[in-house]
Ligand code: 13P
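So this first bit is one chain, no partners, the form predicted alone, shown in structure tokens.
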Amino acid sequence: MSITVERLLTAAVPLIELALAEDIGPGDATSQSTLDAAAPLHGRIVAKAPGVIAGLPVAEAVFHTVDPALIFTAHVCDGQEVVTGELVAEVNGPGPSLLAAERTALNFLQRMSGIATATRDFVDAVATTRAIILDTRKTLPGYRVLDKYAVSMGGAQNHRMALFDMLMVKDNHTDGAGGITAAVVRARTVHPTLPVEVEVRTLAELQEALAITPPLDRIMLDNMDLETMRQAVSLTAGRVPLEASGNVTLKTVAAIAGTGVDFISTGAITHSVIALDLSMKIAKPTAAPTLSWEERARRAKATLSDRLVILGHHYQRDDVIQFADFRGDSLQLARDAVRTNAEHIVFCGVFFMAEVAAILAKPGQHVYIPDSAAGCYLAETAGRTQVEQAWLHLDAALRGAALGGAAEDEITPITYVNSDAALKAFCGKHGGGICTSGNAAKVLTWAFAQRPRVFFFPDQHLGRNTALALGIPAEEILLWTPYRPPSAEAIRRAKVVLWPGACNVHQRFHPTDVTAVRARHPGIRVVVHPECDRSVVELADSAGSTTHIIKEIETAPAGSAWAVGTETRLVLRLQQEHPEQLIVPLAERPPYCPGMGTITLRNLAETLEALAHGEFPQQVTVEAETARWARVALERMLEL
């Protein structure tokens, strides 16, 4: 069960009281002697490093415990990633109270944000696999609920909370009870309703655990090497979920996930936390106000007038997207821009989107991105060299087939628009094309009319969901594995070959999220993005692009209830725009897109000001030959 804010605060209250008593004692001697009791101050909590925020309700509770007159205003949400220099929260009120609460509030917020940040790193490391990251009981004593709440804000799931809510039969229990089966029988007799997990150390113990009836709820593979884990996955064949544990680090977790296990538990995200660097800067409220970034952006945009067009993807921050002349999906935004006569196209999205705009731009149009570090995890899961190596392997396998074919004759390469320009050019050169999440079925239908097979990259889930919807049997869909390429025979049997890429936002939705939200809101409709795993799409009422999701809700009658499985910023915006409907995030662990959050109001304002002054910052260009072939692939799609 998820940790609600109410449960979090219930656990935090005694810790806050203890921490304040420890830090303040009889009083803050310095603040009380240097400041007037009623002197108001303004505090700004700022991120000094990038990371994931967690613990804002606890920090607010600290300030209110010290003095109810302190007003706490959060500028981000728990689970949201921040960039260096970003304003996290503001606090206004009596100066002595504000300063007395500062350190305690930051201590909670920094530790919890550090856990969330470390967790996100682990979650992203396995995003292209089926594995789910779990925490452990290796938490700071007394801080169990706070630590596990922070883990969930980082995108992982909580293992058991304590010794009483799950039967966890480990080596000491089996050794003491005389074996795995005996230990499980005794445990189930005493606690017949609790879920049961058993730790195994060898394949022999795994076989014993698999023979237990009724089946166990989960089996933990303890400290097994990678090859033994692969054998365990094969032996289990999906009968019982498998959890890997032991020696799990950020360096090893991807390889462990690659064995096919369902869960990976790690204590590192809580027992070895490095606090996220946050600070609070103090100023007097009466200080002369400076021109805000919002006003600076507004003035620069007005100066540029119709020489400028700003594009904003649906997943952008609200304070950024308010300046967008067009908002939408990536390709549609690029097409909107080239229909204008604007000289300057500023793309508020991620880098591959700006590349598409640069490829389609008319002569005299120039494309800029406010922060060139705004990348797409999914796009980065496939590179030109990797794909070319796979293409050569496919070619060799098909040349050996009885029909005497080769890749150029047999396979149409299709890249999702969420890819870099080099991959789009690859498809252009090899007779392939590009698709979006909205037209993938149409593009794949076209591809099959050209050649009997499709090589689809980089998103395995969009490719699989689309192929299945077109009636292609699952056994004719092959997942490419770069580290262990499939056999020539498997390639020849396949009608669709999928690259193993995935979106680190949509990969975080699981079937349990669908069942949980339906339990909380009976009758609710679930709509998800097709970048979600097949298991989630099959349980949803509808799946489609962000444009599809928005239209579903816009055309629904008042009083409708929706659980939306896509990026959190869009879901929250839909809540605001459609108060007549119940709209909730599909998962209680909020999946924000870090790449989309990279562009801030500040760097947008600075970009617009530079353009107004005749400078050309962060201009996006694509090498001529790459652009030519990428445009060929784009035009093939646009002609459909």
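Numbers for residues come from their place in the sequence shown, where the first is 1. Everything numeric here is computed off the predicted structure, so don't read it as measured data.
Below, we refer to the form predicted in complex with the named molecule, which is not included among the displayed structures.
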query	finding
Proximity to the named molecule in the predicted bound form, single hit among 367, 109, 353, 414 (heavy atom within 4.5 Å)	353
Contact residue in the predicted bound form, from 480, 143, 263, 315 (heavy atom within 4.5 Å of the named molecule)	315
All of 330, 418 and 529 with a heavy atom within 4.5 Å of the named molecule in the predicted bound form	yes
4.5 angstroms heavy atom contact with the named molecule in the predicted bound form for residue 120	no
Contact flag, residue 466 vs the named molecule in the predicted bound form, heavy atom cut 4.5 Å	no
Contact test in the predicted bound form: residue 506 vs the named molecule, heavy atoms, 4.5 Å	yes
Touches the named molecule in the predicted bound form: residue 545 (any heavy atom, 4.5 Å)	yes
Contact segment among 545 to 553, 207 to 215, 71 to 79, 248 to 256, judged by heavy atoms lying within 4.5 Å of the named molecule in the predicted bound form	545 to 553
